[in-house]
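For this one, two forms of the same chain are given in structure tokens, first as structure 1 and then as structure 2.
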Structure 1
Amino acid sequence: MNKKSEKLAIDNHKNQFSKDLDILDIDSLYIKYLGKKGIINSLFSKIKNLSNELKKDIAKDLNNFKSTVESEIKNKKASSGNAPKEHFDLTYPVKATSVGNLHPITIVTRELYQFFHYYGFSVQGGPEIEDDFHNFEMLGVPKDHPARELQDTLYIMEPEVLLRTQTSSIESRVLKNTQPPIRFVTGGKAFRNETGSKSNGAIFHQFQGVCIDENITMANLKWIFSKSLKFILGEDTKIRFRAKYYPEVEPGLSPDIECTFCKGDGCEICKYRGWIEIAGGGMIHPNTLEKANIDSDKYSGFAFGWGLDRIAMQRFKIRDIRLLINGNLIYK
């Protein structure tokens, strides 16, 4: 190779660039001449094959060509901003953009599913419109039971068709159709006729869990409560357990967590108690097992229900439960 032939090759590309400048768009020009596999990089790669006396002159000429290309592309880009807009096809596919984030309740639900899946729990589902038997009677709450007064039920066709007041109704259905060992969790909406406040609502979310096997005790329930609460809220979460009555279980307990808003001093979120009731559970009543044709002498089990809304409030520092479902996109 000699200097004349190399300069001729560069000159040919210069002439072609002058033509392409009027024909090609900015992106095509850049890719063709300045891209990683473009003409200029290709020409530079050939310099190493030249003699030392030619390298300097050819490199100088090539650098000048590169500067010219960069300058002309820059000028074309600037002038194109003032040019009339080209017609474009509105139906042409475009790159997907991020439109938002998962809802706080969705986040904590999925994380809890992940946690319980690790410990061998499956995920089950059930209807939001329930019948009286699965929502109440199967769980030991007959029609004349005083515990019904604890839940202000929303009926669709009184007295048999209602919006479920608890996700325990899913437990009723699973137990009827499954034999031990049983381990499952489920999350979803529940409905009660309540006046909305910062910590209560007519529509709320629960997370239900059931474990039935041989030799299951209250110690198993307390362990899974402690482990899962610290998983979802942090290892420094302070937990206390209180004995509490629930018609579906015997005995029953409730884990409370120290309020993360006031650190136990008392505030409007925790109703100035310093603690927030976050869940409830206990040992499944033998009568419920027998109704599901499960031998209560051989098997025992626990059931629990979490308030997902309160978990999300504590996790994401949301001071009003109503903000979770009011559609306010501005709230942060």
Structure 2
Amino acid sequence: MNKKSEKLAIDNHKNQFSKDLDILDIDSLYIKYLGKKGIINSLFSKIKNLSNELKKDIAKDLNNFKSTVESEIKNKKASSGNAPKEHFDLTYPVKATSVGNLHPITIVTRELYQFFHYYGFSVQGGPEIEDDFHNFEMLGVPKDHPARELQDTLYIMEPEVLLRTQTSSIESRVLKNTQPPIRFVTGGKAFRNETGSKSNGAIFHQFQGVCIDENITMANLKWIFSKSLKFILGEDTKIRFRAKYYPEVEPGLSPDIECTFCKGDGCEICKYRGWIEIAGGGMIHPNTLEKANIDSDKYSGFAFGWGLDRIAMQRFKIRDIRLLINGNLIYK
């Protein structure tokens, strides 16, 4: 073996090393070049047999190569972080990080606020402790009116001070303080003196909207009902409109959605109607407008509303309305 061929072998290894440096990980590089049976050791063992003169030259070359390898591996180690990981287990089981959560009622309310905001509706609020005038009288239900039957009231001081039975009381207040055009939605708690059940809460949440201007008609109300109900319940929701009496509107209107369980054939859930009553509304009663000093010959307006609890229940598959306010909702 001559000097040239030995020298050539080292050069080949040098070339290979510079390629390996990019490709191989630190451990593999170490084993391949610096390991007990690695390239450098095997080259050293080969030069034992060479002549002294050759040995000296090539050993010097080989030592240079060795220190290059060592420093390059060290550099690579430094640049890739600390000690080489034996094994990085991406399958390691963990518990997901908990993040905060909005209440289901807030979630659906926000979506509705956003939807109605797009159509120019502001958001208004009002008191929960109400007086008889705003909760009943202004909405066409004076004392002893048969329609009081519809809403059992919780009183703080009977008959004048009560917990609002409907968010329409907010409508009473806004109308009194504003001249048309008026366009707002509102949401909040309503209270009834009734024993709660799975589907009816004694305390529940209503969502309500009002639009008053010149030339507002039932055609506009049907349109907003159709848009908003499809927004909440899905584009393929089937809706029908029928007459219904509510004391604060005239004419009154109620949209039903086709029962999703029986597809309109009639079942226990829809009380064999094939349709589910989902909301109520109508043209604001002229008497209500006049009580708010709004000229009912010039202006007309619609009001509509629905329960938020049922919508939240449907969205989040909650089976009992009472879960929404008794603290038994556990976010996971």
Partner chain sequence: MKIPLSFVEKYIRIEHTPKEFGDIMTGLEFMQDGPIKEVDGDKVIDLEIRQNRPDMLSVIGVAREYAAYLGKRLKYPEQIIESEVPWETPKGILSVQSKENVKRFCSVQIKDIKIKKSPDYIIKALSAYGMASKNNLIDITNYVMLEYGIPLHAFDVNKLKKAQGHSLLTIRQAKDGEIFETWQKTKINLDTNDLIVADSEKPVAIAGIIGGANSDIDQSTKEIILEAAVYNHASIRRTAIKHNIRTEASLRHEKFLNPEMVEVAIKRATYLIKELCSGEVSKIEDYYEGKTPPKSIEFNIFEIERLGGIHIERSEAVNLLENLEFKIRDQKEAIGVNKDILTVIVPNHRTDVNIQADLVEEVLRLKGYEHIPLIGISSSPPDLSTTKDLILEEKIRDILVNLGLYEHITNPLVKFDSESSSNQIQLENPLNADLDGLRTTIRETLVPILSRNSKAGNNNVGLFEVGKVYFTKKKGSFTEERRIETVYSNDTNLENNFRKKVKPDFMTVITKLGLNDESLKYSSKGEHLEYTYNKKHVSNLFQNGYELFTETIKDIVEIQNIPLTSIESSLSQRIVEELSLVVSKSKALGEISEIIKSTKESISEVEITDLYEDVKLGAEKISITVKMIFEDSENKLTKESVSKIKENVIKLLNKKGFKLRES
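The structure presented is a predicted model; accordingly, all values stated were derived computationally and were not measured. Basically, rigid core = biggest C-alpha set you can superpose within 1.5 Å across the two forms. Here, residue number means position along structure 1's sequence, counting from 1.
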query	finding
Matching structure (the form predicted alone), either 1 or 2	1
Post core alignment: Ser45 C-alpha displaced by 2 Å or more between the two structures	yes
Core-superposed C-alpha of Ile294 shifting 2 Å or more between the two structures	no
Rigid core fit then Leu62 CA moved by 2 Å or more between the two structures	yes
Angstrom displacement of the CA atom of Lys263 between the two structures, core fixed	5.2
Core-aligned Cα shift of Ala96 between the two structures, given in Å	14.7
